[in-house]
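First, one chain by itself in structure tokens, the form predicted on its own.
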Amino acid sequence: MAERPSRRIVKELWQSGPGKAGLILLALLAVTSLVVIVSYPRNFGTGYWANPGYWADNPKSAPPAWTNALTREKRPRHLVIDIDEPAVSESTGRAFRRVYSEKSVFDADFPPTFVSFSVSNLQYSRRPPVLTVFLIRPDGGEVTLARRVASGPRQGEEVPYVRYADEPLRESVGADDRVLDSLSRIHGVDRQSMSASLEAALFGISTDEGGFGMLRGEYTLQLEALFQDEDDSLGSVRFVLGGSVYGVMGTDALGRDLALGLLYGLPVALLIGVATSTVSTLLGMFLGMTSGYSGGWIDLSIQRAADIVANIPVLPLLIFLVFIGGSKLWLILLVLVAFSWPGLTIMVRTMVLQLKTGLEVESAKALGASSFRIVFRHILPHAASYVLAQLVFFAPSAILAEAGLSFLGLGDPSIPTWGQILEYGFRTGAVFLGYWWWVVPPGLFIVLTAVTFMFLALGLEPVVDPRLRGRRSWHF
């Protein structure tokens, strides 16, 4: 029984070093893409990535957390504390007191970059509750971070009055009078000296030199809510201590987790590469076979069209069409497909011209085989290996083209891609500020994806040219 062509191709790939590396890398990229597609929300681009409010609790332009292992001084990690149930719930006679608190150990060499709190889904029946936020230090010092009163009933509003259900109340702790007064009592220094280094004063002790050294130990973040009625409630409380490092890939200037954006860009890149290369290859193969086998005015028309399209500069045309039609991914893919077929069409035509004068085709004609059967049973199998290799070569070109457009600011803003991450990093000065984690990873991802298809193309060389079999210098 003859071996299937697809199985033979995979076998040839696996027997060569580049082919084996390409198959392994492609499998890893495909599995990762599948996980991203299943786990990410469908509206990640517009509902999350492009929504600054979603990343409000993240530190801005923070390097990856693993960089802490490369420095002697320990920078604080990002800490988010969510509390749904009160630790204390009691009646004081005049009000109902509920306390939401959480303890956390602070052991870094630098203070947090910011301190914030947020509350959501607040409900009350008569008077709006009073919310007070405290920080209790390891030395027993208590700092009043904020005191807020929910807005009162509006005209025509029905009981219970609901606040912060759709959008939580989020506030960053600032150098207001209440905070500075509390810190002044703890440190015994004037308020002016603490306003410029508020976080250091909150998490430190005053030194003889006039600065602050870090006070390590157990801190308690606490929110006290005073309700008028027992049925009044508070849905959840969040405390955030902004870190100097964050996650696996760090954050950008908006606080967006770059790891999430880079992972989301992987299936987008594979879609661009595979879809564009597949459609371009099928179109080029069909036109090339039609041109070479039909001859006459059909051949002349296709070849002149190929010559014209091949000499049109694609990048300026892409820029023009994006300006006219908008930054849409489907438009970019359409233009890439429309201008990628001429080279393959010309090469396939040349191969068909040689094959159709061969004995195999002449014998099929003598037996009365139709043109359709001759093309797909006697010509296509001989050209399939070359066409497959070209399909693999087209993929990285399409990925790089889209990345280049996105880097120029012409990508689809609703779909985060690696090129867009690079463009935003360069536009906001990440290169000049030394934010390498913002620029290097997306560039490496683009290179890795292109190299994967390059390895596959190298592994396909023995399939395209059988004379290369047994002469492999790549083994690992």
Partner chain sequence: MQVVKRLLVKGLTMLAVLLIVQFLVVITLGATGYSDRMLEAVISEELRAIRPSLAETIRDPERLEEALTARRDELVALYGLDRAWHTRLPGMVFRVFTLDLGEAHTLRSSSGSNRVADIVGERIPKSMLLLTTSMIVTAAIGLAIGARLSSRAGTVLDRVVSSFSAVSYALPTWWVGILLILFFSFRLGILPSGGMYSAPPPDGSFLRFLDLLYHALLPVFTLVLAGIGPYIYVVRTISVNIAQADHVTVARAKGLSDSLVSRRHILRVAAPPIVTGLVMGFAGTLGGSILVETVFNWQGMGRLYYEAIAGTPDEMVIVALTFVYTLIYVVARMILEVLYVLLDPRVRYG
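Residue numbers count along the first chain shown, from 1. Bear in mind that the values here come from a model prediction, so they are computed numbers and not experimental data. In this text, rigid core is short for the largest set of C-alphas that superpose within 1.5 Å between two forms.
As for the form predicted in complex with the partner chain, it is not shown, yet the points below apply to it.
With the partner removed from view, the residue among Val149, Ile308, Val159, Ala196 that has a non-hydrogen atom within 4.5 Å of the partner chain in the predicted complex turns out to be Ile308. Shown without its partner, this chain lists Val38, Ala69, Ala27, Leu433 as candidates; in the predicted complex, only Leu433 has a non-hydrogen atom within 4.5 angstroms of the partner chain.
The shortest heavy atom separation between Pro64 and the partner chain in the predicted complex exceeds 4.5 Å. Remark: Leu444 counts among the residues lining the partner chain in the predicted complex, judged by a heavy atom distance of 4.5 Å or less. For the chain shown alone, Phe393 is a contact residue for the partner chain in the predicted complex, at least one non-hydrogen atom being within 4.5 angstroms.
The closest heavy atom approach of Met454 to the partner chain in the predicted complex falls within 4.5 Å. Judged against the partner chain in the predicted complex with a 4.5 angstroms heavy atom cut-off, the residues Arg97, Pro128 and Val133 are out of contact without exception. Of the candidate stretches 29-37, 433-441, 56-64, 43-51, only 433-441 contains residues with a heavy atom within 4.5 Å of the partner chain in the predicted complex.
Contacts with the partner chain in the predicted complex, taken as any heavy atom within 4.5 Å, map within 316-334 to Pro316, Leu317, Ile319, Phe320, Leu321, Phe323, Ile324. In the core-superposed comparison between the shown form and the other one, the C-alpha atom of Ile312 has shifted by at least 2 angstroms.
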